[in-house]
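Next comes just one chain, in structure tokens: the form predicted alone.
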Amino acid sequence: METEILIIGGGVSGLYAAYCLEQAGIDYQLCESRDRLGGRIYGERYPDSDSGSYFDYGPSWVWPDFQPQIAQLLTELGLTTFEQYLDGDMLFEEAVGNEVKRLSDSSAMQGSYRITGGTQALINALASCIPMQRIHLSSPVTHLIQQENSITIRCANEQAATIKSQRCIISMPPRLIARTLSFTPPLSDKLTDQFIRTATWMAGHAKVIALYESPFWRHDGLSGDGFSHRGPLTEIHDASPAVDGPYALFGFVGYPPKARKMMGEEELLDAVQQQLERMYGPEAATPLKLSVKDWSTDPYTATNDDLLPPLRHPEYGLPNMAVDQWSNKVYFAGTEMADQHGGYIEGAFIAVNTVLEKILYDPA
């Protein structure tokens, strides 16, 4: 199979690249390692959900007031947003003792919005604009070989194994590029080292979602916001749909990846359930469903380098040495490559648009 542009990675960056190329009438194919699209955006529906919304195990928030790329795309796709639920007090739990303080301070999540239907709705909307014959799931690319006028890939999926393209957009986290892709000729050692040093946003995190029949915390005058120095969850928020139920709380696990692995999922969720009961009362003890997504165990998100998550948000951006790789035949467009909003959904769009400007207006 031959194509003009091959996209490696079907997360939000790769899907957005495919969407833009489809709009521009440019021939392309997309290879995704997973058996689903979306990458670090992943949501699940509760079977008896009245709302039909997805509950997000990846990113939940967007800020359309100062993220113009996502604001424009949501409008194009006919998607809407709603403000993060903030009405009421927040809770704070100390590291020791059983006291849970109730605080009426303003929430740190002021100005945060969620996509109606869940962030997964964005992935579904983008995917609906792309012909399925252009998408190859369960197709991890392992090797790129530069030839005189084309690039050939090696891939685990036999259908996609012989794809030959003129150019390639790689929309993967830098560490995964360095650790899982081989190049002939190889990328420079300096660039590979830089990729390894670039932390994958969210790769070390684990997110827990608790579903309930009723938003009992709201009835008690709580916003759902909770912060704890005791854990396992260090930060908790309301994750309910815009309308109808089931209703939800979600939290970020404060234990590092190695500690979570030693603890095991069952023990971790037991501890989370006890914490929710401590902080939110007896109604929190019996969720309809309690589940965790540990991104550090996802081989298509995290590498061993991500077992020590960064203590603060990294400074992202495309390394200068990555600009002219392979005589402008290979481009890097994951969210970590964005010079603004790196790590966020907006950053994914910025990185892709930067690449597409070169491809569309600087043809080889």
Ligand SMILES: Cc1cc2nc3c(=O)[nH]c(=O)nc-3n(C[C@H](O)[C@H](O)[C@H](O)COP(=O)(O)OP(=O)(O)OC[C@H]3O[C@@H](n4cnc5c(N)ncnc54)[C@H](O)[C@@H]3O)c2cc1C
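Residue positions are given as counts along the sequence shown, with the first one as 1. All figures in this text were calculated on a predicted structure; none of them were measured in a lab.
In what follows, reference is made to the form predicted in complex with the ligand, a form of this protein that is not presented.
J.: From the list R175, H237, R260, K207, which entry has a heavy atom within 4.5 Å of the ligand in the model of the complex?
T.: The option sitting close enough to the partner is K207.
J.: Between F195, Y247, W201, Y280, only one gets a heavy atom within 4.5 angstroms of the ligand in the model of the complex; which residue is that?
T.: It is W201 that has a heavy atom within 4.5 Å of the partner.
J.: Looking at 94 to 102, 213 to 221, 176 to 184, 283 to 291, which lies within 4.5 angstroms of the ligand in the model of the complex, counting heavy atoms?
T.: Result of the contact check: 176 to 184.
J.: Considering non-hydrogen atoms and a 4.5 Å limit, does the ligand approach Y300 in the model of the complex?
T.: Y300: yes, in contact with the ligand in the model of the complex.
J.: Give a yes/no on whether W326 approaches the ligand to within 4.5 Å in the model of the complex, heavy atoms considered.
T.: Looking in the model of the complex, residue contacts with the ligand do not include W326, since no heavy atom lies within 4.5 Å.
J.: According to a 4.5 angstroms non-hydrogen atom cut-off, is G38 in contact with the ligand in the model of the complex?
T.: The answer is yes: G38 has a heavy atom within 4.5 Å of the ligand.
J.: With the cut-off set at 4.5 Å between non-hydrogen atoms, does S33 touch the ligand in the model of the complex?
T.: Yes - in the model of the complex, heavy atoms of S33 and the ligand come within 4.5 Å of each other.
J.: Taking a heavy atom within 4.5 Å as contact, would all three of I8, G58 and S139 count as contacting the ligand in the model of the complex?
T.: Looking in the model of the complex, the three residues I8, G58 and S139 all sit within 4.5 Å of the ligand (heavy atoms).
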